[in-house]
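Below you will find one chain, with nothing else, as structure tokens; this is the form predicted alone, and questions on how it binds or moves follow later.
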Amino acid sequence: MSGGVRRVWGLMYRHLALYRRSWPRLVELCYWPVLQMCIWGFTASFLAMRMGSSLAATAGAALLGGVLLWEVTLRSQMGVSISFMEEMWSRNLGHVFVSPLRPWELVAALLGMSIIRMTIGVLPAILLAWAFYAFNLFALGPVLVLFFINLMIMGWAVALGVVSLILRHGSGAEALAWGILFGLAPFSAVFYPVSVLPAVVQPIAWVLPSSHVFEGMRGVLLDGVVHWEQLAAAFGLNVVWIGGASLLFARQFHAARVRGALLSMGE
């Protein structure tokens, strides 16, 4: 194992050890995705009582598919942001960077933890949606992997932006870790097509990778058609998003290091 891989794994193992010894942490990972799935599942069941079975099944699939895929974005973003803030809260950043750890290795460890946290959090909700409401997200087929990848990359880009703001403004920016994606949700077309948005805000929706993913999801669920142009647009936008977020993080990390903020951040 090379030195870089060993350092990345060491940082990841520190966080994994916390979850191994704390069942409340594991429950917290699953709690919100399962709760959201249940709320929208009950909503779909209500629609089934008031509407025809075919129309209700279509509406229910769109609602449950939207909430489960949105949790992929949310959990990916939270996985990076929370893991970074746990290092900050424990005043561990200064100790970590006394070691030979490089900034990109820190980012790699945060992304690795994000994948693990997202999987632990979202997979139970997907399985329970199958058990409770007979909705099988995996029925979307192999294209589901592309949906997941795009949504995770967008979550990572947003998270790196949040981390950059925390490095710049300190604990005053921590609240963004929980709230920033909720501000983007209305423009992400999670439960409805972009066409229902007011014309003045539709351009905002089209610069979000998530809106293209959810348009593609509805194409598969409702029409049985994979809109490859939507996936291509999502990948292209994600390249821009993750590239810009990485540059911002590199700049703010360097500035924090120069002014000694890595040693003083935390509670």
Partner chain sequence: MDAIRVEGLTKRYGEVLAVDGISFAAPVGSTIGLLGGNGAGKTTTISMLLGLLLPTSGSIHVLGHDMARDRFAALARMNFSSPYVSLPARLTVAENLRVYGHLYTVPNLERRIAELAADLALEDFIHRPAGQLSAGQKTRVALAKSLINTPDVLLLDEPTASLDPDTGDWVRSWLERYRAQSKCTILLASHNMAEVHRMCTDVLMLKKGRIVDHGTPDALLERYGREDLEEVFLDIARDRRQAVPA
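The shown structure was predicted, so the numbers you read here are calculated from the model rather than taken from an experiment. Numbering follows the first chain given and starts at 1.
Below, we refer to the form predicted in complex with its partner chain, which is not included among the displayed structures.
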> Heavy atoms within 4.5 Å of its partner chain in the predicted bound form: does R91 have any?
Replying inline: yes
>> Using a 4.5 angstroms cut-off on non-hydrogen atoms, would A245 count as touching its partner chain in the predicted bound form?
In response: no
>> Can you tell me whether H95 touches its partner chain? I mean in the predicted bound form, with a 4.5 angstroms heavy atom cut-off.
In response: yes
>> in the predicted bound form, does Y13 come within 4.5 Å of its partner chain, counting heavy atoms only?
In response: yes
> If we take heavy atoms and a 4.5 Å cut-off, which stretch out of 96 to 104, 77 to 85, 150 to 158, 182 to 190 is in contact with its partner chain in the predicted bound form?
Replying inline: 96 to 104
> What residues in 9 to 25 sit within 4.5 Å of its partner chain in the predicted bound form, counting heavy atoms only?
Replying inline: W9, G10, L11, Y13, R14, A17, L18, R20, R21, R25
